[in-house]
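This document opens with one chain alone, in structure tokens, the form predicted alone.
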Amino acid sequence: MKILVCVSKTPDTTSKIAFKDGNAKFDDAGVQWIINPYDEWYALVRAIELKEKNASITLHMVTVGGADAEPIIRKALALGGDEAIRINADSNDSFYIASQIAAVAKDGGYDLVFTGKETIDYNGSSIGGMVAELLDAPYVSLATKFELNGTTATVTREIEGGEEVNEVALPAVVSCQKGVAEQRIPNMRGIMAARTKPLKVVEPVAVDALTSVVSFELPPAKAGVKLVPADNVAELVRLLHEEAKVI
């Protein structure tokens, strides 16, 4: 069995966000890049757990990005897995990225494709579904539990007000979120081994991007907080009525 885990680099949540070129591009000066947490903590770790239970599983990782993405995918290799693939392209278009991943998945004959439920920078939640459509494979999103029995997967997913349990025959695409696995930290042995594990660079397939970024905009600055003494209910009511306009 072959598993492919999609990995994306994202800015660390402590990074200062700024834009350049008339707010049309993200300013990455001084930004600390990390593996997207949903990809690392849940999708990748669950795939590693499956491989630990079944040594016949081959585990690969794929990312779409330039050479600056290689330290990120090397870190992913340090957690576990056999090989990494970097698709040499840089794009913010979900369809373009999904098409590149789907081409690799199709050529590699993977039985299972894992993604995180979303990236923490764009929060698009779109890649997994697009990859599944391009592969003509079933898609289960928002997995909180994943069990594998031969070529059948049992996936518990979060729905409005509860959970839903699905059974799906492989090949399939699954997006993962909190609950499906627990975060791991690379150990020294894994870090050293990652230096010699294969990292294959492939050129992108010819696909037209369907969207482009026109501009970015930061959210408005948070207003100051007004503290009202607990015994001054009349002032609280006045502020809620006249300033907040919620009553």
Partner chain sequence: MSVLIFIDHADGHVKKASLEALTYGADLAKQLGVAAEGLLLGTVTEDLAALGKYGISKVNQVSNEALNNLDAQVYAKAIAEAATATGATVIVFSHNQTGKAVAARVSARLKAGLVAGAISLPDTSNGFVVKKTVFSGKAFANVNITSPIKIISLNPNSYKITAGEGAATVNQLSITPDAAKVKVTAVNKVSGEVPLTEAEIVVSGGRGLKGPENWGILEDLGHALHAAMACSRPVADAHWRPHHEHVGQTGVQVAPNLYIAVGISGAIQHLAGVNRSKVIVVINKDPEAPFFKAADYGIVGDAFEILPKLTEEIKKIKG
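These figures come from a predicted structure and were not determined experimentally. Throughout, rigid core stands for the largest set of C-alpha atoms superposing within 1.5 Å between the two forms. Positions refer to the first chain, counted from 1.
Not pictured, yet referred to below: the form predicted in complex with its partner chain.
For the candidate spot formed by 58, 146 and 205, no residue has a non-hydrogen atom within 4.5 angstroms of its partner chain in the predicted complex. In the predicted complex, residue 71 stays away from its partner chain, with no heavy atom inside 4.5 Å. A residue is said to contact a partner when one of its heavy atoms sits within 4.5 Å of a partner heavy atom; residue 118 meets this definition for its partner chain in the predicted complex. Interface membership of residue 138, defined by any non-hydrogen atom within 4.5 Å of its partner chain in the predicted complex, is confirmed. With a 4.5 Å cutoff on heavy atoms, residue 183 counts as touching its partner chain in the predicted complex. Contacts with its partner chain in the predicted complex, taken as any heavy atom within 4.5 Å, map within 157-175 to 157, 158, 159, 160, 161, 162, 163, 164, 165, 166, 167, 168, 169. Positional change of residue 24 between the shown form and the other one stays under 2 Å at the C-alpha, relative to the superposed core. Core-superposed comparison between the shown form and the other one: the CA of residue 235 exceeds or equals a 2 Å shift.
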